Every structure is written in structure tokens, then in C-alpha cells.
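A single chain comes next, written as C-alpha cells; it is the form predicted alone.
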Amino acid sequence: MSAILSVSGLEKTFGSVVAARDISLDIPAQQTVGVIGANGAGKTTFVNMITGHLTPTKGSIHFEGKDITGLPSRDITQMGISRSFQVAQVFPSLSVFDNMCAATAIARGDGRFISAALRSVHAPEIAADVNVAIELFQIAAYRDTLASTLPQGIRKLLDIAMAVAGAPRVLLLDEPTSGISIEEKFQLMDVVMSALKARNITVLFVEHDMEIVERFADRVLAFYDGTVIADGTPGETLGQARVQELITGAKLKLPHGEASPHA
């Protein structure tokens, strides 16, 4: 399977502080990659360089064979790499339907500002696509509900659905289960991953919950001190003594070398 995303010799420094170093890897199309590591390990720096929020000090990033190193984040988004953030980025005064319509209109370049985008939200082609999307992400029951009143899990689903409105080929999720109850986290991720797989989207998700990583990742990248110290299936990565010592803090149930059930 060919790589949709490749990074080579990636490094980011802030003065004398090295936030990321010697990162080289290939991500095949439609793979689901979990990214783990303690706070300050370099995960967010890595994601920010891929999405154009930070310019690498050294190295290169290629997406679908094109060099995107240092391009502005908006250009990278328009090329097909999108992201969601740990805190949902929604318009609280708009309904779920209007949030999705605005995101879709903006992604298609129908308006540079929210007001301009909203003037085109009821265009038939946008409304039709939005109705399909809210069914796919299982939020249709909240179609006319203001985003400010949504339960946390539904707001997360809306945020991720909005990130997919531009039909990205790669999506980066920042702690998708953050703030979600133990009872809801697996159900939410089942919905998210099912929707993303239905659209053939390659996924990288940063996550601290190892149960989520074990269950949903095909591959796990373990970051420590700005670099990748382990890269393999959930069993291979989470089974390494160094990963257990520096990141997870305990031996997990998945045996070393066992493939993810989603591989």
C-alpha cells in the first residue's frame, strides 16, 4: 500500500529547546494510526508541523507525493489534510445543521467569512451533503439543536463531522475522547471510526487512553523526548518495556506482537 503521507528527518527547535527530532515515517492510505506519549513528548509539535501550524526547522513533509513542508495551514487543509482539536471548534449560536452547512460552504470556498458562507447554506447541494453527513455521524436527532446546548459527546461528533466537511484524505484528531465519560467513549469512537472508514479517510489520532488506542488503531507511534521510540501494531508498540516504563506506566493486556482487531 503506497504512502499518502511521508515525513523525513523532521525536526523543530525553539531556540535551544528541541521539540521534535529525527522523525521519519510513512503513513499508508486508509491506515488508522494512534499517537501516544506523555505531555511534552512531541506529539502536538508533530501534528502541528503536518497541518502547517508550525514550520519545521529541518526535514520534509510530503502529502500524496507533493512537498507541503512549511505551507500555510489553510493551503494544507485545502489540499486534503484536516484536523479536529481537543476542545471542539463549533459555532455555539448555530444549530447542528447550520454548523455543518457553514463548514461545508467554507471548505468549498463559497464564502471567506461566516456571514458569506451562511448565505449559501441552503444551496441544495450543500444541504443534501450535510443531511448525509449528520446521518453518518449519528447526530441527525440534534439537527436543529443549538451547538451551545449539545451534550459533550454530540459536540465532539459535530466537531469531527465539520472537520470532514471538506472531504479530506487525511484527518488528524487531537484526543477525540477527552472529556467523554467512560460509558460513552467506545460508542463515540465506534461512530467516528465507522464514519471515517466509510469515506476512506486516513486517520492519525492523539490519545492518552490506551484502551481506545488498543481497540481502534492499526498502528501506534510512541513519542518520547521529541522523537518516535516505537512504531508498530498496538501489541508491538504497547508491549515494549521502554514504552511501558516511559509512557503507559504499566503492562497492558494486549500481548506483544498481537495485531489490532481493526488491522
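Residues carry their position along the shown sequence, with the first being 1. Remember, it's a predicted structure, so these values are computed and weren't measured experimentally. Throughout, rigid core stands for the largest set of C-alpha atoms superposing within 1.5 Å between the two forms.
Omitted here: the form predicted in complex with a small molecule. The next part is about that form.
*Can you say which of 40 to 48, 25 to 33, 211 to 219, 231 to 239 gets within 4.5 Å of the small molecule in the predicted complex, counting heavy atoms only?*
It is the stretch 40 to 48.
*Taking the shortest heavy atom distance, is I247 within 4.5 Å of the small molecule in the predicted complex?*
I247 lies outside the contact set for the small molecule.
*Does the C-alpha of A241 move 2 Å or more between the shown form and the other one once the rigid core is lined up?*
Moves: no, less than 2 Å.
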